[in-house]
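The chain below stands alone and is given as structure tokens, in the form predicted on its own.
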């Protein structure tokens, strides 16, 4: 896990440093193959494929982080209140979850992008809003199962304040693995959403700003450097596989 975080940090740091390099057009070298300076070659406009691939990571990392913050920031308090108090609070939470989940996430994000513009902030905020009811439902279900545990009853019998029982023993100790799993799943969903919208064009990240989706769309079907299209496709697959792999230990911890 630490190695993965360090690797992601290096990629993101390079993405900040290579911003201008990713936009540089060198027409005489259009569709050039891999070389020492450009290990993945250039696209059909002569832009460095590796630089664009690295900079393009920011197109889903930034909205993914925002989506996780929004989903956890909204879903955890609602789910905690529903699981702790039960009754009408839990009923209202379940009704809210059902109403929001009745709208497909892709449709909600597309509508928001059409109204507010296809920006990373819009993508992240709407994805987090759409995912928050799932977080709330997961937290409510976990707290309802933990609420009657012997440890909780013993803590209450010994006079431990309810806020500490809820905040530390139930949410932090009992739900942190669950919340990590929710965050990783949401991050993968945002990656897929961003790539889909960018591939479609109008509602995603627009050229010349790179993203893996518009890189794939921009080079698909063009004769020239095969890595210009293969690199974003393989990177997308590797990122999804890595997120699924990271999610497995969290799923075993519950």
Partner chain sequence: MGASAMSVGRGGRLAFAALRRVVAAVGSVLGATLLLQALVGLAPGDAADLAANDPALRDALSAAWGLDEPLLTRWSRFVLGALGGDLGESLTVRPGASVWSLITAAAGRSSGLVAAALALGLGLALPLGFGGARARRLTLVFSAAPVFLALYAVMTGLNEGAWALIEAGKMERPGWFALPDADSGLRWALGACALAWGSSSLAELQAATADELTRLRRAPFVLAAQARGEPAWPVALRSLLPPLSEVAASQVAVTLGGLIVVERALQLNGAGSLFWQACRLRDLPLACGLAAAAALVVAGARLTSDLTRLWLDPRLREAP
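Residue numbers count along the first chain shown, from 1. Keep in mind it's a predicted model, so treat the numbers as computed, not measured.
Beyond what is shown, the protein has a form predicted together with the partner chain; the following relates to that form.
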Can you tell me if residue 29 lies within 4.5 angstroms of the partner chain in the predicted complex, counting non-hydrogen atoms only? no
Indicate whether residue 148 is a 4.5 Å heavy atom neighbour of the partner chain in the predicted complex. no
Is there a heavy atom of residue 22 no more than 4.5 Å from a heavy atom of the partner chain in the predicted complex? no
Flag residue 58 as yes or no: does it have a non-hydrogen atom within 4.5 angstroms of any non-hydrogen atom of the partner chain in the predicted complex? no
Candidate spot 72, 144 and 177, all three in 4.5 Å heavy atom range of the partner chain in the predicted complex? no
Assert contact residue (the partner chain, in the predicted complex, non-hydrogen atom within 4.5 Å, options 53, 66, 229, 186) equals 229
In the predicted complex, the residue from 171, 138, 78, 126 with a non-hydrogen atom within 4.5 Å of the partner chain is 126
Among 161-169, 148-156, 79-87, 98-106, which stretch sits within 4.5 Å of the partner chain in the predicted complex, heavy atoms only? 98-106
Can you list, in sequence order, the residues from 227-242 that come within 4.5 Å of the partner chain in the predicted complex, counting heavy atoms only? 229, 233, 236, 237, 240, 241
